[in-house]
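Below you'll find only one chain, the form predicted on its own, shown as structure tokens.
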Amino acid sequence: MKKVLTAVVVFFVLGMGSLFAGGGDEAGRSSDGRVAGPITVLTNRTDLVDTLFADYARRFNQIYPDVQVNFEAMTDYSGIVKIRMNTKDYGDVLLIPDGVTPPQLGDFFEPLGPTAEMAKKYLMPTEQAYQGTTYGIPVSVNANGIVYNKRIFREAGITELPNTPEGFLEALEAIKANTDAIPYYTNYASGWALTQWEAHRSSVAGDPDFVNSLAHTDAPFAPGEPHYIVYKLMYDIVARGLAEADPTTTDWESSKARLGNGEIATMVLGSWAIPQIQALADDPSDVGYMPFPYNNNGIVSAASGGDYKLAVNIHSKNKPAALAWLYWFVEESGFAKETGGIPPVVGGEVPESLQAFADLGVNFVSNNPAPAGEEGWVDEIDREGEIGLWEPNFKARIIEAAFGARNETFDQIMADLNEDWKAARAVVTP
């Protein structure tokens, strides 16, 4: 992917000057100034595109009757969109895919406004911003944790939610011993589900500046560091036989119903998954959500942040209509509430599904933006070293090693990652 995005940057450097000569903003308006014309919206919600999203389009058209909204939904969203970003054809409105670094945002996406001004109305405007300009607004704000089946926990005799890795492993052991449920389901075959673990580096650190600190260390995977703690738990779950028997045959879509009805006890997922699982559960009240099992001197933290950020293709031939959809979607659609997240507008209501976190006194951790002059450093180190913090690669390697499909230890994997990180940091940072 590194080569693809590098090629795109070169393309834009050579071509941007002529692409927008003549003022593209007039496109998408009818002769009387109304917002009009077709737009294509790219989405990862294959499960909602024909239902909820169709209703959104109908409601949007009550305000903008001259805009034709078309959807393209894809399961491997980031993978496909990143390839399409080598052309101009990547929709009019889209979710910013993983792997786009802050300095690249202006090459691909329409600027939405000064970040300081955006912060007065929207949550997390810094997450896809560069040099004081915001390029994307989250469709929802999520907390990160573990979805679990309350009934299975009760049947296993678990009366308190664990707040240490060893306590979580003991709970999974109790589930294995006392129920027929799969204690933990990796969803290994999906790839993307493994990346859900990465958010918990901040849950373990409990520090909003932790991610920025990664640019100043040569060994983020050393014992005792948040990454080591997070992925050691992943490794131990599989190595102790507390996951599904064959990770290569996992299936995301069916796993939601299986967790809901108690065939599966736990999965690491963002809070966005809660309503999807509840909708398929025999009893929706069985579906619970717990923070990552770790505490700093008794304080349990949960990483929180924006979901995918909605943006407008800088090549869109219908930017007025595209921007109208973007702002209507984040402000009026109700998508965040429908999907169990916090609305991205300042003052939005916290969903009931996260009330348990508040009751437990969980400390929500939202990453601070990088200091001036260090924007994009962590992403660049990640790309240069081909680590893949938000890619499934090394997570799959950990599971394969724990499963016995690789002849290497967890510490050997961590040592390799540290070596690659150190070498990349020497290239990227002064």
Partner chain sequence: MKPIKREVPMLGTASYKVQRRILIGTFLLAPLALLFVFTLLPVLNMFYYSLLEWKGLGDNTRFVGLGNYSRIFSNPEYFSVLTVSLYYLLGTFLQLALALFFATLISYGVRFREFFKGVMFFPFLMNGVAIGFIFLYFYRPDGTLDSFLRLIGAGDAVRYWLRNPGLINISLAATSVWRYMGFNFVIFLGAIQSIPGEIYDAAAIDGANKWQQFLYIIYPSIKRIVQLNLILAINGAISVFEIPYIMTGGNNGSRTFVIQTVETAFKYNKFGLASAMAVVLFFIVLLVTGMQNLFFKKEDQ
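Predicted model only: the values in this text are computed from it and were never measured. Numbering follows the first chain given and starts at 1.
Below, we turn to the form predicted together with the partner chain, even though it does not appear here.
Checking Phe403, Phe53, Phe60, Trp377 against the partner chain in the predicted complex, a heavy atom within 4.5 Å turns up for just one residue: Phe403. The single contact residue among Asn393, Thr46, Asn368, Asn70, judged by any heavy atom lying within 4.5 Å of the partner chain in the predicted complex, is Asn393.
Proximity of Lys82 to the partner chain in the predicted complex: non-hydrogen atoms within 4.5 Å are present.
Heavy atoms of Gly99 reach within 4.5 Å of the partner chain in the predicted complex, making it an interface residue. Asp246 belongs to the set of residues with a heavy atom inside 4.5 Å of the partner chain in the predicted complex.
Heavy atoms of Gly388 reach within 4.5 Å of the partner chain in the predicted complex, making it an interface residue.
From the list 395-403, 358-366, 35-43, 61-69, the contact stretch for the partner chain in the predicted complex under a 4.5 Å heavy atom rule is 395-403. Taken together, the three residues Arg154, Glu263 and Thr409 all stay farther than 4.5 Å from the partner chain in the predicted complex, as judged by their closest heavy atom.
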